[in-house]
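A lone chain, given as structure tokens: the form predicted on its own.
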């Protein structure tokens, strides 16, 4: 079996995925009898294309600019070539545009329309156009996988396959490491929001423009995807009630502590509602995690709470989620081929 792949976006996540694919390529070949062939890498200003397969070692050599590779061509666009490359899987690792979902949304739709399986780490298409994408994948009998869109390497979406005999009824989560770090520092050091934010920026946990994180929009997008996938909803981010953490004061945190509570930025899906807002939780709650970790508490019908915790961001974390999705597709395609 040969699986022909393209990657759109060779940023931190895309490059980390390629590194992991290089490390695991022979294992995949031995275990699943599948040869993964990378035909193209698309960037904003052009593409590397070789229908005989690009060499991963050359692409990952830090001393060589991949734009100097003999297969580099300027001004080529993924949306124009996805249908022409005889691909099996299209992987989108482009940056998130929370307003339009582009260019990832166009890439995903173009791939599915051409019966190409899709893996994405870009969350925006899924919190904006979840129903459309899922229906298109179903109509074209394609796999669409996007584990990396929520909490990176934590199996937040694929856990559904391991709870198939159960029913998930509620989600409570902390889904943004930046906000959680800021609130943790405000709680432990009694410092104001502005100082904790500056510290997070200096450490690389927060962007220069942190509004998507501290305003709650990043967590809301992830919550939409979680709720749609695990609860069977078809919501968009427009359905979410969103409140950020910018108005939280040291005094509010101090008062909460006096009563045995801490303030956390929670993402909650229950009773057909999506809510992202600061809430007080008991100090001993499992949701009281510190630093940049993510945590997801799933309330189940028969087994009570199931809790997932881990790093919610990072190149190799997201790259490993993409690799997991790729191996899932390989296994499922082999099943189909053997029937």
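All of these numbers come straight from a predicted model, not from anything done at the bench. Numbering follows the first chain given and starts at 1.
Keep in mind the form predicted together with L-homoserine is missing from the figure; the text below concerns it.
Student: Tell me, please, which stretch of 171-179, 263-271, 137-145, 102-110 lies within 4.5 angstroms of L-homoserine in the model of the complex when heavy atoms are compared?
Tutor: Result of the contact check: 171-179.
Student: So, in the model of the complex, is residue 92 in contact with L-homoserine at a 4.5 angstroms heavy atom limit?
Tutor: Looking in the model of the complex, residue contacts with L-homoserine do not include residue 92, since no heavy atom lies within 4.5 Å.
Student: Taking L-homoserine as it sits in the model of the complex, is residue 218 near enough to touch it, meaning that at least one heavy atom pair lies within 4.5 angstroms?
Tutor: Residue-level check for residue 218: yes, a contact with L-homoserine.
Student: Find out whether any non-hydrogen atom of residue 205 is located within 4.5 angstroms of L-homoserine in the model of the complex, and reply yes or no.
Tutor: Result yes; residue 205 sits at the interface with L-homoserine in the model of the complex.
Student: Find out whether any non-hydrogen atom of residue 213 is located within 4.5 angstroms of L-homoserine in the model of the complex, and reply yes or no.
Tutor: Flag for residue 213 set to yes.
Student: Though L-homoserine is not shown, can you say which of 295, 34, 313, 54 has a heavy atom within 4.5 Å of it in the model of the complex?
Tutor: For this set of options, the contacting one is 313.
Student: Quick one: name the residues from 183-200 with any non-hydrogen atom within 4.5 angstroms of L-homoserine in the model of the complex.
Tutor: Residues within 4.5 Å: none.
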